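This document starts with one chain, in the form predicted alone, laid out as structure tokens.
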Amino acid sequence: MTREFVGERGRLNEPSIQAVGLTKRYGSFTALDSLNLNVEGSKCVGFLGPNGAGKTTTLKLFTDLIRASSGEALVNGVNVHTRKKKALESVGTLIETPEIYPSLTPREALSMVAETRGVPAAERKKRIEDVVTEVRMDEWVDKRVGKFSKGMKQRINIAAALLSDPRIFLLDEPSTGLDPRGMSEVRDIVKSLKGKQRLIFMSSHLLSEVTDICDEVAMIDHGKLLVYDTLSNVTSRFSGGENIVEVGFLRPLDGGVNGRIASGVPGVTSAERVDDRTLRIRFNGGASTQERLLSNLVGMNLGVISYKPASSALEDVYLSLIKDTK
């Protein structure tokens, strides 16, 4: 069962992280510049930016791995630097790429982590079994880590972050450096975490990954926050009010379906064929328009099997904002 978080005022709260004027300088270089960001609720937020933008610096400040030059990092309303144990008691982290001793098995490595993190001895065996199942590594739990692929090691690292049953996950580019299969496996695991009333704050520079996994997006460059909003609002705000979705179909589409959708569905401005089973649809309006669009598409009996914001829309926004900061 997922634990409820009781906040500083003694009432039930949603999980949250907040940066208040958060700044980190290294001599004359400013890695993070007065970041103000409030993320609250059970959802997945993609933290986007180019290499060197300040993403990892932000995550390290939220875990007190480094100290801020000024400002505050708050987790569930608690200052991470002044009350580290209290602030991080409900947080699981995966920052950069930790290594596991190759001679250990996942069971042995996770036992050490559980002891370090104060998981009661009577609960450790069950917790280890639960988290190994959650990352789909049951059959490897007693194999030596030295024989694992990078993707398998990363799944064990995620399992380690799950041991204390955290409400908040801070993930630093969790699929970077993995082969396509490893990336897909890690993304599927992160998706599964979303269904358990957790706040996931995940840095990435992969736009397709954020589009596939996340509900909201925060973009940062040169240490400054550029935008934070839902994916649909971000793409709509920077595309003249238009939203773009990609719709997948079970069967190949006939040649005239683009025109029927563009002319027959209210709010749709264009429907472009990506391939014979995928359309990229542009439309005006917000969530209510999306609901109507999906309902109309289903009603046309075309075999809709997927519906998501188009990664190309986020890419257009990203390139526009990053270019403007150069």
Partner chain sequence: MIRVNSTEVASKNQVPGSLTQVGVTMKYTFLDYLRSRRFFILLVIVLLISAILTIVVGYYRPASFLTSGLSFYSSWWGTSAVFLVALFGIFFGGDAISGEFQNRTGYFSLPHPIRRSSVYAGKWLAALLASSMILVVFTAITLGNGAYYFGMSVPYQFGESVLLAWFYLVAVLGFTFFFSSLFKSTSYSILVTAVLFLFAFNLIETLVANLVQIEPWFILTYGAQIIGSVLSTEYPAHTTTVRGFGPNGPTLTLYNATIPEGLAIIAAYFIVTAALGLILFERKEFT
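Nothing here was measured: the structure is a model prediction, and the numbers come from that model. Residue numbers count along the first chain shown, from 1.
FYI, the form predicted in complex with the partner chain isn't displayed, but the following is about it.
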Of 200-208, 181-189, 246-254, 93-101, the segment with heavy atoms within 4.5 Å of the partner chain in the predicted bound form is residues 93-101
Is L231 close to the partner chain in the predicted bound form, meaning a heavy atom pair under 4.5 Å apart or at it?
no
Although the partner isn't part of this model, could you tell me whether R237 comes within 4.5 Å of the partner chain in the predicted bound form, counting any heavy atom of the residue?
no
Is S175 part of the interface with the partner chain in the predicted bound form - any heavy atom within 4.5 Å?
no
Is D165 near the partner chain? Define near as a heavy atom within 4.5 Å, in the predicted bound form.
yes
Of V135, L171, V113, L225, which residue is found within 4.5 angstroms of the partner chain in the predicted bound form when only non-hydrogen atoms are counted?
V113
Taking 4.5 Å between heavy atoms as the contact cutoff, choose which of L65, M300, L294, L37 touches the partner chain in the predicted bound form.
L65
From first to last in sequence, which residues of 119-135 have any non-hydrogen atom within 4.5 angstroms of the partner chain in the predicted bound form?
V119, P120, E123
